[in-house]
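First, one chain by itself: the form predicted on its own, in structure tokens.
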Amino acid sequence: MKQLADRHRGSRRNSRAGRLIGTVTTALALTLGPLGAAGFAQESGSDVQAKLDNPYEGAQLYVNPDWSAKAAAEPGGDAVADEGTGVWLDRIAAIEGNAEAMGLREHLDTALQQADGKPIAVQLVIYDLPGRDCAALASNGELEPEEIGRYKNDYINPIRDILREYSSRSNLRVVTTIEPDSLPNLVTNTSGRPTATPECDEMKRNGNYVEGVGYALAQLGAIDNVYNYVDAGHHGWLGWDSNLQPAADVMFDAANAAGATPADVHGFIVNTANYSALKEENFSLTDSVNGQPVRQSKWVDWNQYLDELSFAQGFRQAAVSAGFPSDIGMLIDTSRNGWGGSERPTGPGPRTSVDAYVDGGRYDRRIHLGNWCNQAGAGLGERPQASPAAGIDAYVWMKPPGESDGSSTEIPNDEDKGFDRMCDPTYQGNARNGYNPSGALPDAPISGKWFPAQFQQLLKNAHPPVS
């Protein structure tokens, strides 16, 4: 552990003693409210060079003008249009941008303008691995499984070079979400599991997910003001004992690959672009009905966790057991997991059976925990905020609300994004969702494109409600 503590500026431990920045205190950080144009409480100084324990403390969030304009154009959308959301670099062309979307440099320049000399956090999603999305089709990427060289040279290196240009801007904090869904797929969707796919078997065999993630961590983690958070799935994916520790172990392997060290991992993010409820408050794992424990219900299905907050805290412990430092941080994407509106239960279900008890009380109204595409009934979740719970660096909106997860039918496109039946509202499911209906909204565009009907639903069902 001493060796980790002495690792370059990427060490959280190096800054533990002096992590309070400017006039921001821990007490203030713990009482920070929702983020918007005003952002988190702002620090008075901008000369901090060492990496911070929590990059969200004392910083406002960058508001992406591309997303904000679309949100503000929707009826009622101006109420949330000033929230900070993630910028998805989901293909090489996204780095430079085009007439429809800003490129990375333009985002960073705009962030500095918004900051006006005060601290600001820009959230980037690094998402273009070779053979991306090996267990689904809606977000298939442009790189073939063997194109690890192109991933490094044409994708990560240009991002690294641009971020280096801004490394001296001490008020700028760049938070990266590293490759959603990639490493968990190597645990749950490869040979020996009922949900295995040939594509995931290939990515495990060739090692390019581990190699690619390690390379991204090493190259970006070496930059003074960049904070890497590796995607760690969600409780409905990794919450079982057979998945949790093996997933943390694979992430530790990646953190030691391609020149990376665990110090290049500032933390992990859970529920990225997913819908799992933050807290299920109407029942607990220790409850039982007619002698049957809650874990035996069809919904929980022997999972060790009911919601994302408990899972994030549990995964943090598994990461430490795998070899990561004990003060590793966690983020939770709360952009679409509010599940409010008229359908939100106010208490547990009837005690006629354990299934009735759980199904009647759960906030998460999905048909099955394995459903992930444009879910009907979802709502905006907790607004972004720093240090909201023990071990949690922030609640974030890493997935911009209103951007589609995938198209409801096959739509030809120039982004190499496929059609996944889980985005088809008529689909009756597969092994990964227990052969249940997909629960997806109709008439959705390809992933990443604006989906007005979804955005309106998210506003309507927001919890906390949107005022």
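Numbers follow the displayed sequence, beginning with 1. None of these values were measured; they are calculated from a predicted model.
Below, we turn to the form predicted in complex with beta-D-glucopyranose (BGC), even though it does not appear here.
Visitor: Report the stretch among 259 to 267, 124 to 132, 349 to 357, 96 to 104 that approaches beta-D-glucopyranose (BGC) in the predicted bound form to within 4.5 Å, counting heavy atoms only.
Guide: Heavy-atom contact with the partner occurs in 124 to 132.
Visitor: With the cut-off set at 4.5 Å between non-hydrogen atoms, does Lys399 touch beta-D-glucopyranose (BGC) in the predicted bound form?
Guide: Yes.
Visitor: Contact with beta-D-glucopyranose (BGC) in the predicted bound form for Glu403, defined as at least one heavy atom pair within 4.5 Å: yes or no?
Guide: Output for Glu403 is yes: heavy atoms within 4.5 Å of beta-D-glucopyranose (BGC).
Visitor: With a cut-off of 4.5 Å between heavy atoms, is Tyr305 one of the residues that contacts beta-D-glucopyranose (BGC) in the predicted bound form?
Guide: Result no; Tyr305 lies far from beta-D-glucopyranose (BGC) in the predicted bound form.
Visitor: Does beta-D-glucopyranose (BGC) come within 4.5 Å of any heavy atom of Glu83 in the predicted bound form?
Guide: No, Glu83 stays farther than 4.5 Å from beta-D-glucopyranose (BGC) in the predicted bound form.
Visitor: Ok, Trp299, Tyr151, Tyr229, Trp88: which has a heavy atom sitting within 4.5 Å of beta-D-glucopyranose (BGC) in the predicted bound form?
Guide: Among Trp299, Tyr151, Tyr229, Trp88, a heavy atom within 4.5 Å of beta-D-glucopyranose (BGC) in the predicted bound form occurs only for Trp88.
Visitor: Scan 408 to 442 and note down the residues that get a heavy atom within 4.5 Å of beta-D-glucopyranose (BGC) in the predicted bound form; none is a fine answer too.
Guide: Going through 408 to 442 in order - heavy atoms within 4.5 Å of beta-D-glucopyranose (BGC) in the predicted bound form - there is one hit, Lys417.
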